[in-house]
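So this first bit is one chain, no partners, the form predicted on its own, shown in structure tokens.
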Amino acid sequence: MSHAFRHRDILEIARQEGKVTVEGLAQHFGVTLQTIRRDLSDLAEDGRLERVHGGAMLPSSTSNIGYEQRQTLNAKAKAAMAKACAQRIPNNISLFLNIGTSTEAVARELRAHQNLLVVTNNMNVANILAETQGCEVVVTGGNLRRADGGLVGKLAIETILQFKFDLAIIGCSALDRDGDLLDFDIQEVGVSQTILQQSRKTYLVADASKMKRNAPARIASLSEIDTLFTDAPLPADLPERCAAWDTEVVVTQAS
């Protein structure tokens, strides 16, 4: 069977079952695991599937994929972006780290920094930095989102409004061709907008998979971001727009 026919059948199985696994598809088609991984990567590159640990699923515009799956998705790319981002973060500043596996990767790269005041609505970030002597960690209040350890809602916003940050490091669920940052949770959007409002400078950390997804709620535009850290060139005319907005784009490569 040619890969084009196999891709068609993989998409049909995904529509029927919601998710496909590498091992299940390899057995179904009688091909190697490597062949199926290549098929799924091609379909993900086209935006027709989303890669998750051990397989893929249909992309959704109304709900995010699970936190455990996001942790393993593009992990090497996130690590490279986080390292580049952390290298731009000086000692002796205040900063905010919001919800997301990309910002958690940045937190891991900050453990050698000194004299940082880190405010976060991400319980995972707080845990990552808990033993870091060079960081004072402040956790916002808010409603705990058990799925990923995020704190959202009015109490989170009220905490953020007590600060003026030197720098904010944020993530997003999707980044569209207009340069809009998008998310699935309207409560998280309100928190993210408040973070932008209370920060002198903002870095966005978003891997290339975010540019192949859609989400219903708008956070902001890349025109409001100082630097974007990503792992692939931006699509269409977005690089020209970023240049006009004076938004720096840093493209990293996974090692």
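Rigid core (definition): largest C-alpha set, two forms, superposition within 1.5 Å. Counting begins at 1, following the sequence as shown. Worth saying up front: this structure is predicted, and the values here are computed from it rather than measured.
As for the form predicted in complex with the DNA, it is not shown, yet the points below apply to it.
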Position in contact with the DNA when the complex is considered in the model of the complex, options 12, 240, 23, 246, heavy atoms within 4.5 Å: 23
Interface residue in the model of the complex among 53, 218, 212, 201, criterion: non-hydrogen atom within 4.5 angstroms of the DNA: 53
Residue contact check: residue 47 to the DNA in the model of the complex, 4.5 Å heavy atom: no
Distance check, residue 35 to the DNA in the model of the complex, heavy atom within 4.5 Å: yes
Contact test in the model of the complex: residue 27 vs the DNA, heavy atoms, 4.5 Å: no
Proximity of residue 31 to the DNA in the model of the complex, heavy atoms at 4.5 Å: yes
The DNA in the model of the complex: contacting segment from 186 to 194, 203 to 211, 38 to 46, 218 to 226, heavy atom within 4.5 Å: 38 to 46
Residue 206: Cα shift of 2 Å or greater between this form and the one not shown (core-aligned): no
Yes/no, residue 239 Cα shift of 2 Å or more between this form and the one not shown with rigid core fixed: no
Residue shift check between this form and the one not shown, rigid core fit, residue 189 Cα at least 2 Å: no
Change in CA distance between residue 128 and residue 50 in the model of the complex, which is 3 Å or more, as closer or farther: closer
